[in-house]
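Given next, in structure tokens, is a single chain: the form predicted alone.
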Amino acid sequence: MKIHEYQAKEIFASVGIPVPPGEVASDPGTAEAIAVRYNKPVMVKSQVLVGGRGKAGGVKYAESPEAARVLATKILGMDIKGETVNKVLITEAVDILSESYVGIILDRATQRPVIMVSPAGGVDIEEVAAKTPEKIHKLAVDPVVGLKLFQARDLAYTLYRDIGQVRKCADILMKLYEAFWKVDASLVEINPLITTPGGDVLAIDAKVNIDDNALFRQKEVEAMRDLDAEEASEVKAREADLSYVKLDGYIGCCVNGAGLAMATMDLVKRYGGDPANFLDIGGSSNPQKVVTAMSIILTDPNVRAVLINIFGGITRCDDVATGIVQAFEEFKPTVPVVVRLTGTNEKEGQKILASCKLPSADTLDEAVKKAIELAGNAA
């Protein structure tokens, strides 16, 4: 789960990381009022869950409250990489002497949090890694022992020579590591971490991604979710307890079990097709989940054929078939649907589906090939 910059800064502030004061506005008048209260130049920053805001014109400097109002008028409603700006962060502008990057990411290879720092801040870390990888310094932290102060200082020394700034940076790294664990993050990032002419070290930007699997114990963080910025189909699927990820292909997939869903998508790619989604209905035999799954798939305009692949174990094929029939009666699909049912109550499921006269297959390979063929005819 991604959260906005202003929300990430709230998390940082809660552990003591220094961030400039700021407030969120949804209209130009409020933006101007906030700038009046600060009584100094401010930054007007679009709040979207994608990168590249600055390059898109979504981050601007305002010398006066009137300028903040004008800029907020321009930025609100702007489209940045497919996301509409509904909020702007009005935050105090600060003088910048230097910019650095600090971040922590969960590295699946080492199964450890990896701290990354770089003196090349203010640009995408991917760009730094590609062009000047020697400017990135990494430390894999033993999660049992945790980050030690001497390790944080070693990293800080790669960024600064002034001992005062080294100590401040080390303190920020310790607190950033605390925030990483506090909210079950998969990524925490400050880009840039800046120094001021007065010697202060501040986080003027913030990024936090949360592990979805930990949200059950992060209710306060989950409440930060911006549903308007998420794919509507993914929100609907989550509410129905379905695992769904929208992709760019044209074969809609409805499968039970994450492993089987991945295998199905792999076969679609192997035989020259392109999956439109990952959708796992889980081990439930509730026909309504199948109806909801079909409604999500069929609302995707890119879908040219639907492939339903069910291996009945806990999930009963007859219940899935009942859900498919209900979905056909309710939505009357205009794209071809191919069904493969095998396992628990397979014969009963086939009898239920007979009324829909759907193309079926005995093997997964056969089902995938048929779905791709029908999708080509429907193109």
Partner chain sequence: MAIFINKKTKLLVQGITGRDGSFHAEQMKKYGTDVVGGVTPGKGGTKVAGIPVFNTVSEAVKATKANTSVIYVPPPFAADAILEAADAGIKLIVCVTEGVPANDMMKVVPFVKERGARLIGPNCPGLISTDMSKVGILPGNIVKKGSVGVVSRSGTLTYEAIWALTLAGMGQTTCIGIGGDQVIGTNFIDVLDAFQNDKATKGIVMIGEIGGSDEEMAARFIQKNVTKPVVAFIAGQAAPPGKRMGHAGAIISGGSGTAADKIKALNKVGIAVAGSPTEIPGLLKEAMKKASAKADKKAVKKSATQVKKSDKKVKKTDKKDKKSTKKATTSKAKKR
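Take the two forms, superpose them, and find the largest set of C-alpha atoms that agree within 1.5 Å; that set is the rigid core. Numbering follows the first chain given and starts at 1. Treat the numbers as computed from the prediction; the structure is a model and nothing was measured.
A second form of this protein, the form predicted together with the partner chain, is not displayed here; the remarks below concern that form.
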Though only this chain appears here, would residue 319 touch the partner chain in the predicted complex if you measure heavy atom gaps against 4.5 Å? yes
So, residue 214 and the partner chain: in the predicted complex, are they within 4.5 Å at any heavy atom pair? yes
Close approach of residue 98 to the partner chain in the predicted complex, 4.5 Å, heavy atom: no
Residue 257 near the partner chain in the predicted complex, any heavy atom under 4.5 Å? yes
The partner chain in the predicted complex: contacted by all of 111, 269 and 278, heavy atom 4.5 Å: yes
Would you mind picking the one in 83, 226, 300, 184 that has a heavy atom within 4.5 Å of the partner chain in the predicted complex? 184
Checked 314, 354, 36, 50 for heavy atoms within 4.5 Å of the partner chain in the predicted complex; positive is 314
Where does the partner chain sit in the predicted complex: which of 112-120, 151-159, 70-78, 85-93, heavy atoms within 4.5 Å? 112-120
Members of 321-346 lying within 4.5 angstroms of the partner chain, judged by heavy atom, in the predicted complex: 340, 344
Superposing on the rigid core, do we see a C-alpha displacement of 2 Å or more at residue 315 between this form and the one not shown? yes
Once both forms sit on the same rigid core, is the C-alpha displacement of residue 140 at or above 2 Å between this form and the one not shown? no
So the CA-CA distance for residue 126 and residue 249 moves by at least 3 angstroms in the predicted complex. Closer or farther than here? farther
